[in-house]
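A lone chain, given as structure tokens: the form predicted alone.
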Amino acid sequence: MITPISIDMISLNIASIAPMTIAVLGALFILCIDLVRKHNDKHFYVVLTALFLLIDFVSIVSYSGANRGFFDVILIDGISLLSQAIIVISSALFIFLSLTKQRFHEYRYPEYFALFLFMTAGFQFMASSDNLILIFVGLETASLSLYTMIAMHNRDKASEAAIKYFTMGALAAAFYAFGAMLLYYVTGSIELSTISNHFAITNFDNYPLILLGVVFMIGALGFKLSLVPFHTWAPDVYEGSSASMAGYIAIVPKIAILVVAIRFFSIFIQADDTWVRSTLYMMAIITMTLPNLIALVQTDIKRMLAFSSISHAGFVLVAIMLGTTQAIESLFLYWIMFAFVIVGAFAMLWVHRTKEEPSFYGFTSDYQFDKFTGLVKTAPVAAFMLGILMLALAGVPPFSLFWGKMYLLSATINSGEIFLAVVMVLNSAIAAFYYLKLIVYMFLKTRDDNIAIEYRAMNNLILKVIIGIAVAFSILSIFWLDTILAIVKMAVQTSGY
């Protein structure tokens, strides 16, 4: 007679997967509605998606259960809750950008909004587990949804961007699977906490195989974070995606991957593994510097922002390499500041596209620098807002990202890495040049051909509110800095970092 398996529902802690479950159920609900009633307006699906994201967020901030759940594959600590909150808030801000008056192919399909919720759930699973298999499942769920959503955009380069992203993502997935397999072979576990304990007991026995597994994991995480030399896909994918989706790619996937990187690399940083620390050190310097230099010669704003986002990923990699409590706190503070500015910057590009094709004015893209020449005369409010956001990205005081950079620099100096701090300052100075370049085009240059380019007005109240929030946060962040820092500190310190 087979003994039935008994599962204690209390120890299962179903509440630990409630946020992700809400997002998944929301996606299925949207698909079911489409089966019953066709041709609903996109506003209906946007509001429905936002409603499920709101419920998702409430379930995150109200969670008070154990930090383990669902057969111990879910890990709900302070970092998990904080990163999930960033993912959901950022997702909600970007989904409202689809309310633009512009008509795009992807918004006609409810599947787009269902995929958006599936993607959000995938990133939440990644941020809420130290189980290598569940992280992989969340990664692929989110990635496959993202590839499809990029391909649905009805522009010439969208399919090319989706194929490149899919190809590089498949390679990264293979790297991840092979690295996880090697670590499982050495330790007999796929739980990062158990792997860490095994290394502590055995003092890194079988180090060559461990090192090989780490190399593959660096490749996998490097692809997803667009770290040099795994960054080559990013500019083309940003350029081929819609402006709103490019902004999403710059923020949300990376915060989920950063949490995975923190959990994984902390095993080796805390053990003072020289090879891993040195590798991350060099990758951080190169990732900060090389994309900055390439961004200087870009003629397309979206490609410039793509290279700048790669450089910003290099800055936060410094925090992972340092591994101190202050460094991890600075990572989240930096990314929160960065997220609001990027939402605003890409939203400005999104709602101010010209009505005509770029070739109508002799341009090669919608976001060529020359196209923004003299914007202050044709759209002064837009020029002012975009200028503020560029100053914030440049880290000019007192705008938001300045405080994130200062706190990260403080963590770097306190760790004794003076040379690294100098490199960060120099790269911030280089970055300021190409951010200010756009301001020069908008305010100081005039068009020789006297063609007045008509920009789409921000005639949707919700879009105005989102951009207004981003600009206001960039200017007034100093007043909320202590509150944000207190939340980040509580999250990081209760997670044991």
Partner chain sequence: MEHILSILIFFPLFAALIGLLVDKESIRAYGIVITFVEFLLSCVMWAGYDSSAGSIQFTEFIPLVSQFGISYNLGLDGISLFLVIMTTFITMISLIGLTETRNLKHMILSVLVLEMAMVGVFVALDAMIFYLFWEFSLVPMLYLIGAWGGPQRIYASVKFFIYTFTGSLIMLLGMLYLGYIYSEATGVWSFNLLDWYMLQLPLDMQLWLFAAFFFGFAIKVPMVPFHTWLPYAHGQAPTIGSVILAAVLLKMGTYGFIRFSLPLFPDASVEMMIPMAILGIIAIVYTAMVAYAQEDIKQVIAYSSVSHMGVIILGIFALNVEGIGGSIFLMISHGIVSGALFMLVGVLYDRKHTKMMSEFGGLAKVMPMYATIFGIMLMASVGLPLTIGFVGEFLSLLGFFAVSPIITAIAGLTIILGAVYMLVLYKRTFFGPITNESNLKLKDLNGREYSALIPLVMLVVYLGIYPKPILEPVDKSVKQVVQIMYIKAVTPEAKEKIATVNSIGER
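Residue numbers count along the first chain shown, from 1. For clarity, every value in this text was computed on a predicted model and none was experimentally measured.
There is another form of the same protein, the form predicted together with the partner chain; it is not shown, and what comes next is about it.
With the partner chain left out of view, which of Y248, F175, W403, F136 would have a heavy atom within 4.5 Å of it in the predicted bound form?
-> In short, W403.
Listed residue that, although the partner chain is not shown, lies within 4.5 Å of it in the predicted bound form (heavy atoms), from A271, A92, V396, I286 | After the contact test, the surviving option is V396.
Heavy atom of each of A421, L426 and F443 within 4.5 Å of the partner chain in the predicted bound form = Yes: each residue has a heavy atom within 4.5 Å of the partner.
Among 461 to 469, 23 to 31, 432 to 440, 59 to 67, which stretch sits within 4.5 Å of the partner chain in the predicted bound form, heavy atoms only?
-> Flagged stretch: 432 to 440.
Classify Y407 as contacting or not contacting the partner chain in the predicted bound form by the rule of any non-hydrogen atom within 4.5 angstroms, answering yes or no.
-> Y407: yes, in contact with the partner chain in the predicted bound form.
Mark I14 yes when one of its heavy atoms lies within 4.5 Å of a heavy atom of the partner chain in the predicted bound form, and no otherwise.
-> No, I14 sits far enough from the partner chain in the predicted bound form that none of its heavy atoms falls within 4.5 Å.
Within a 4.5 Å heavy atom cut-off, is T232 in contact with the partner chain in the predicted bound form?
-> No, T232 sits far enough from the partner chain in the predicted bound form that none of its heavy atoms falls within 4.5 Å.
Can I413 be called a contact residue for the partner chain in the predicted bound form at 4.5 Å between heavy atoms?
-> Yes, I413 is a contact residue.
Taking heavy atoms and a 4.5 Å limit, what residues of 476 to 497 are near the partner chain in the predicted bound form?
-> Stretch hits, in order: I478, F479, L481, D482, L485, A486, K489.
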